[in-house]
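Take a look at this single chain in structure tokens; it is the form predicted on its own.
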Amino acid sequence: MKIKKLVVNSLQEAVEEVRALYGSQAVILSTRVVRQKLLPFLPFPSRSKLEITVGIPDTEDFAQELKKEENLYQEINRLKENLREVMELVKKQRIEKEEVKKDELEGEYSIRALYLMNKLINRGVSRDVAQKIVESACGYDFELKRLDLKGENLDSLVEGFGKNIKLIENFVEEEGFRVITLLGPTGVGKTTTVAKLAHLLKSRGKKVGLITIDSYRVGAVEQLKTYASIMELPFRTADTPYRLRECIGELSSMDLVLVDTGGRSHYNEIKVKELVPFFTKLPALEAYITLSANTEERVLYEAIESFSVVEPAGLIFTKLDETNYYGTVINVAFRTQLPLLCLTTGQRVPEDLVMASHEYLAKIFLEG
């Protein structure tokens, strides 16, 4: 039962108003006389009113409501059971499909080849990519009547990567003036990678200059400037495309100029396109998209597509030390056919940098 209160002038008026508002089932539970001021802000005068308490019976029976709730819970449980059955069916079909695929592979490849394929898959390489890489390292064994590796695991994997994964070769040895820039999302480690590359190039006898156009991130200019000071390299800051060209002109006596860019979300199309005026028609430009190896693969493809507003020369992968599933590096390099330049394995400058090689890739998949 619901309780309501009304203030009326008389009992007759109360009966009429209760019937009009709540129907004939409503009952008057109690009454009392109250004093009500004619004007609220004056202490007087006042007049007598009748306050009534009305009981309104519930319009629906409790048992009926309980029955409705029970039916609802039964329907929810039935839907859960149906969903569970569908999920089990899908899982069963997927397992059966994988078992069929596995049986087909077992009939086509040797145990050694399957072992190598599973090594790649367990580290995150897609099954189709792993099969393609291993197949490239196999020859047909007439005794086994299956495809088998031509050599030992390491040599075979090096051969498989060599036929499917492109690399930037002779990066350090290449002659002539060059402008190298790193593009990529926020937080992937572009600035520290620029510093590592600068140290590597300088240690190989190259004259290197550093420029930053990162005017967004707090402390970004100071960070690269500190690296430049430690390595005794010329350093410039450019906040406009015109100033960038001026800085490159000032450093034209160098062998290479490394340009650090500010991190931008690859979902922010406007911010990404702000990079285009900086690098349009810039001579001897090589732009490398820098990505984190611990990022979901489909996000990596989105980032590559976004930052390709400047034609990429290749890919750099950072933070290999922060994941055990670096198969995404192989998947992305294989599917995009963009060459790999280098990989970073930590934050230390200059130690944690490895120039990409098929042998190094093979070792990290076989040895970790």
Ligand SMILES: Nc1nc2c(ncn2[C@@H]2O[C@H](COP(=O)(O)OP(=O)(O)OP(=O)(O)O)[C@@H](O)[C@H]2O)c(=O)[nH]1
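Counting begins at 1, following the sequence as shown. Everything numeric in this text was worked out from a predicted model, so none of it was measured.
Form predicted together with this ligand: not shown, discussed below.
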Q) Any chance G124, K132 and N331 all have a heavy atom within 4.5 Å of this ligand in the predicted complex? A) no
Q. Can any non-hydrogen atom of H266 be found within 4.5 angstroms of this ligand in the predicted complex?
A. no
Q) Wondering, does Q223 line up within 4.5 Å of this ligand in the predicted complex on heavy atoms? A) yes
Q) Any of the heavy atoms of T186 lying within 4.5 Å of this ligand in the predicted complex? A) yes
(Q) I'd like to know whether E70 contacts this ligand in the predicted complex, with contact meaning heavy atoms within 4.5 angstroms. (A) no
Q) Looking at D214, D255, D148, E159, which is the one with a non-hydrogen atom within 4.5 Å of this ligand in the predicted complex? A) D214
Q | Stretch in contact in the predicted complex with this ligand, which is absent here, among 342-350, 355-363, 5-13, 20-28 (heavy atoms within 4.5 Å) | A | 342-350
Q | Residues in 189-208 with any heavy atom within 4.5 Å of this ligand in the predicted complex | A | G189, K190, T191, T192, K196
